[in-house]
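First structure 1, then structure 2: two forms of the same chain, each alone, as structure tokens.
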Structure 1
């Protein structure tokens, strides 16, 4: 029996080229070569499939050149005529997840070749592509590589063979929001009683209707004396000093910036711009105060409506940024503001 042919997509880190310092590594194709986690996939495939080539691209390069890079990879894949395309797994790496999801969806949609990838459920790529391609549910770091391959390899083989895919709980992929009618072995009342007894006994059980989990943040009491309050500005709109000195990514930011605005009354186009890649930057670049209203807060400061504008602002890019990353940024920024006696924060978006 002829083996199923597979093309594998990975980033610069898993290709052992380098870490963040090599995120700008341009896209390359290595026909006939197996790299990084591809070796684990080949082992898991056994005699059924084999990787016939590996595509490697830096996460930063892909996300900054999405259209051109996608077209280039599609041309390589079409030329090789594989039976399956595998991307990643990306775990919780947001830019990598976006790249894997983009390529898996493009290969499937434009070339008609089945594709599978793998991500942690909080990866922004998972939300973007879970209804378009099968995304194996993985742990949040590469420590879960072995488990990820165990799910992705058989799922990919089923797709390549055209076999029916089971429920997400059976085949290990992130739920796609699709409901399908089927017959259970036991009627609902019997299953419900079993779950109740397990719950009462403190034993594990799996609900058939998981509820979404939402963060709930208790509102803080109102500021009693605004005329003497210190107000800080924080934004996910990507406003940065000209030239983006800290190289905050335009998508899936891995860090935030802290910038001094002591004596700054207006964010002029000569000194400030946006690094954000998720909206038209024209108006923000013309006048960054449209996103981060330093000018208005300075006027309020002069008029005595607020005590003072905090002498620093914090900024990052919300476009595709992982929820876990955003929470980490908020905890660090919040601790700094609290330590400096800031009374309230104005958080702006795009």
Structure 2
């Protein structure tokens, strides 16, 4: 039997071109080449399939040129006529997740070629694409590569062969909101009692009917009188006073910073920098106003366009940071700002 042909998409990091400083690396296609995690996939495929080419793109480049890059890659893939497209896995890398999800969905939808990718469930790309393509559920870092390949390779082969895909709990993908019927070995009453006993004993158990989480917040009313409003700045871009006095982590931040900017008219490279480890820091370190626009808001304060720029700014690093942490930080920040009479917030993200 002929081997299943696979095209693999990876970012600049997994292609070993470089880290954040290479995030702007333009998209490239390497026919006949197997790179990075592609080796592990080839091994897992055995004689059944092989990677016939690798697409490499910087995560920043992809996200800043989504439409053009997608078109370009689609053209390459179409020419190669693979039986399967694999993207990533992206783990908890947000921009990589968006790139993998975009490409997997586009290849499947536009070219009719089955596609699979892999992500950590909190990757924003997972929510965006889980109902469009199969996304293997992975750990949150590349340490989970071996496990990810173990799920993605067989899932991909099944898709390429047109075999039936089982339920998410059987084939290891992130639930798509589609019910798949199968026979459980134990009857319902027995499973329910087991779950109840586990719950009473404080042991872990898995519900069979998770409640959907529709977490939306109604928009607050608009600011009526901007000329007298107090505006606060918040960022997930990691801007901190030089030296990062509160040691906010460059990824998976455990806390946020609160810094006084009374009398500060401009964030200079002598006084401010970024602690963020998930984007090229060159530009933010040169001029932190590029992430946190203190200079412009001071001008507008002087001109009377806004009432006041709030005396403090709040900052954390939104790089692989757990949703639960970000939520907890912002609850505190929101309560403080509200109590201090702030009228509205500009929140900047990188």
Partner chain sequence: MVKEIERAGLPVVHDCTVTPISLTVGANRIVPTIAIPHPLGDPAQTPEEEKKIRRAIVEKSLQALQTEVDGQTVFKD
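What we label the rigid core is the largest C-alpha set whose atoms superpose within 1.5 Å from one form to the other. Positions refer to the first chain, counted from 1. From a predicted model like this one, the values you see are computed outputs, not experimental measurements.
Structure 1, not structure 2, is the form predicted alone. If you fit the rigid core between structures 1 and 2, you'll see the Cα of residue 49 move by less than 2 angstroms. Relative to the superposed core, residue 290 undergoes a Cα shift of 2 Å or more between structures 1 and 2. When two forms of a protein are overlaid on their rigid core, residues whose CA moves 2 Å or more are considered shifted, and residue 257 is one of them between structures 1 and 2. Taking the core as reference, the Cα of residue 329 moves 7.2 angstrom between structures 1 and 2.
Once the two forms are overlaid on the core, residue 194 shows a Cα shift of 3.3 Å between structures 1 and 2.
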